[in-house]
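Let's start with one chain on its own, the form predicted alone, as structure tokens.
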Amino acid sequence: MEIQMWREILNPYELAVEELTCKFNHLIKEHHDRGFYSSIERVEGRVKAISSILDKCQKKGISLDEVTTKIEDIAGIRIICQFVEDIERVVELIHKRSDIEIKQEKDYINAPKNTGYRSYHMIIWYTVETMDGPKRIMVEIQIRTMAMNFWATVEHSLQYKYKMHIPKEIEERLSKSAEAIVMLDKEMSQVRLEIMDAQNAFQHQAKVVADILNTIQNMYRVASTREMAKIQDEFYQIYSMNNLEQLERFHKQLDTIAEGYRTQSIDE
């Protein structure tokens, strides 16, 4: 197959990865903007290298003409969560999306592979708009915790190094570390609510501070330099106290002052 043909084949997959990565990242942003905890911690995406596609074709006995119909993971999205409980929530979110059609699901969390690998896999149909019109392609989505992702990354590197024939001693160590990862995820689940509360509080405070700074910046156009210096000093004093209730109170008072200037401007 000519290189140019590969480019034409892979272009829609690259577009799908870009779009889906952007959409999931925007979900994170929406949650944070509203002061909510996001079940998605971060998103990664990739399109399989041509060499990896050729290797898979050789191992699976797939002809080059069958690449787009028989290889399901040419485009891949990896969604990383903090907690095991978040994975189920992300799966629900994906099921509810109107731009995604579920083709297949594999739960390697409740039924791990013999190696100890744990993750939740979904094969989806996703449509992208190309120069030649809409193209419906398959994308693999992997959903896992940060701990699962660390283990899987190490295991994948070892598989690559040893050409899928990892020495027995290293296999045993991988198996033990997989058990440790399970225990780590369980321990993290025990403090999940406390961590979520702390993160939500941080996100909320960051939003309040951003709103205050935006209001102050706008007020510089209408208020006197003396008054703005006083407001700014008061803000820094309250901010240094690290007290969310006082920040919120100052935010409301500042909004009232700013509204007064807006009303005055309209009357004039």
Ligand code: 0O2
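Source: prediction; values computed, not measured. A residue's number is simply how far along the shown sequence it sits, counting from 1.
In what follows, reference is made to the form predicted in complex with the ligand, a form of this protein that is not presented.
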K59, Y117 and Q142 all contacting the ligand in the model of the complex, non-hydrogen atom within 4.5 Å = yes
Candidate from K135, K106, R97, R89 lying within 4.5 Å of the ligand in the model of the complex - any heavy atom = K106
task = Could you spot which one of K161, K113, K176, K186 gets a heavy atom to within 4.5 Å of the ligand in the model of the complex?
result = K113
query = Which single stretch, out of 228 to 236, 51 to 59, 35 to 43, 212 to 220, brings residue heavy atoms within 4.5 Å of the ligand in the model of the complex?
reply = 51 to 59
task = Using the partner position in the model of the complex, report whether A152 sits within 4.5 Å of the ligand, counting heavy atoms only.
result = yes
message = With the partner left out here, check for me: in the model of the complex, does some heavy atom of E171 sit within 4.5 Å of the ligand?
response = no
ask   = Can any non-hydrogen atom of H156 be found within 4.5 angstroms of the ligand in the model of the complex?
value = yes
query = Taking heavy atoms and a 4.5 Å cut-off, does D73 contact the ligand in the model of the complex?
reply = yes
